[in-house]
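Shown here is one chain on its own, the form predicted alone, set out as structure tokens.
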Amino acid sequence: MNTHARNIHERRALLSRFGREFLGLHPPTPVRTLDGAGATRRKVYLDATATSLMPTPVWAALDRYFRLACANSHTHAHAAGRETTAAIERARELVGELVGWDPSVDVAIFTGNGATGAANLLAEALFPAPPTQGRDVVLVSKMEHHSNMLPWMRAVGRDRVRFIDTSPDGTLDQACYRRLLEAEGARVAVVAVTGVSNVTGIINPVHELARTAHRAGAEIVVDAAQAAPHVPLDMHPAGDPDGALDYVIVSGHKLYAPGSRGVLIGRRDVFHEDRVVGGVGGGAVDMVSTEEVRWKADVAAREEAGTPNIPGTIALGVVAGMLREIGMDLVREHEVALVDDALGRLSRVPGVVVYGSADTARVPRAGVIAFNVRDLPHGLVAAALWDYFAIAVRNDCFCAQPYVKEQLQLRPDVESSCASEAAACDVEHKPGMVRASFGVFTTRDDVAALDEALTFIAAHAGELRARYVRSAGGDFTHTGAADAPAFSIDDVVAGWAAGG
């Protein structure tokens, strides 16, 4: 069943239920207090942009799979093998449907290492050798995660990559984009942009960018690692062929399937039958002899050699199916309210600076908010949020250094000092931010908890500074006794060996 078969009330009920059904949120967590008495708080997970939590129905689906159909794929000799193969192929279809693919022209290829693997595979497919003429230039926005930047530098060479500037409010500078396309003309082969920034949550107008790219004869690649969990995607919008997205990259572990794979969805004709772009091995061939190799005609089979990450693939397929039932329009609706609430609250906390435009009517944002607190090091703020409030966030540059540095308006002397070895860097002023990121499990109570915590940190900055020590690399550790880890492999093994 697709979302059109359910009414809005049914879909809202599904979203509400889905948001409550996540592992890892409920056990009370010990926290520190300024008076040393200690306390417990509920865990608030605001690090979904790095890796999402797992829905309990997905965990239950994996348990059911392992009990009833565990096997390797691509065998028809027994039922479990057939069902495993069918599950992988159904997952492929569901992920494609989630982003609006056209299976008559598009292929979905599962890759290792999340979106990074997918971006590298595509760059190698589009540029099998360093280009020497023709369309040999790639435009990359400065908003990009390094995974949608470095593969293009390697594929065409650093001197053939042109960077699209960003504006002070964090948005893409479209005037710069148009100037680059006009200046480079027929040399531009690819435009690589993020759908949603993993730093500010700013949503790029990807279909508008696609139309501009296509008018110049270029293709567009959208890194949807952050877009897919947050906003509706449609690779082939009805009545708008020029606005179509040639390639979309998805990261399963950010899409409520931790431990899952990356997916490249896009034009199958770029993968030629006489060549394998990725790794070669079992499953990629129809015939092997000492004299000849015949590769499979099916692109996905040819590019997915070896035993796949079966549990991760099944988990991603289940999640994609669930999100299709809910509808990404409702996920977006849920998040818009949270973002507006969070931006409003943080704007009133003394000393808090939020990066990127807060005018969401003009600049739409997904649930990713980066900020700093006064002159406190970002590492200290992130550590204190966890130690004193059980709020999990991330800090540093989020693998998006060019964008973070521009948003920070980084002084050249600070950047140069941190370009050397970590030990020589002034960690007190090491560039970076704190990032809070939302998921479907995030609530207004979570946003209120962040507000309370940051208000406390801003008011007690001096006391908190005295309670932390920093490493040469800039990490901050509380001077009190370290808590025992909640999970360790050694504890699991020891407990099993003891009969527990």
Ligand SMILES: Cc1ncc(COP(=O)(O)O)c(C=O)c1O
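Don't overthink the numbering: it's just position in the shown sequence, from 1. Everything numeric in this text was worked out from a predicted model, so none of it was measured.
What comes next is about the form predicted in complex with the named molecule, which does not appear here.
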If the cut-off is 4.5 angstroms on heavy atoms, which of these, 139, 115, 265, 155, is the one near the named molecule in the model of the complex?
115
From the list 378, 302, 145, 92, which entry has a heavy atom within 4.5 Å of the named molecule in the model of the complex?
145
Though only this chain appears here, would residue 225 touch the named molecule in the model of the complex if you measure heavy atom gaps against 4.5 Å?
yes
Can any non-hydrogen atom of residue 84 be found within 4.5 angstroms of the named molecule in the model of the complex?
no
Flag residue 135 as yes or no: does it have a non-hydrogen atom within 4.5 angstroms of any non-hydrogen atom of the named molecule in the model of the complex?
no
Residue 334: heavy atom within 4.5 Å of the named molecule in the model of the complex?
no
Tell me which stretch of 102 to 110, 205 to 213, 246 to 254, 340 to 348 has a heavy atom within 4.5 angstroms of the named molecule in the model of the complex.
246 to 254
Counting only heavy atoms, which residues in 170 to 206 are within 4.5 Å of the named molecule in the model of the complex?
194, 196, 198
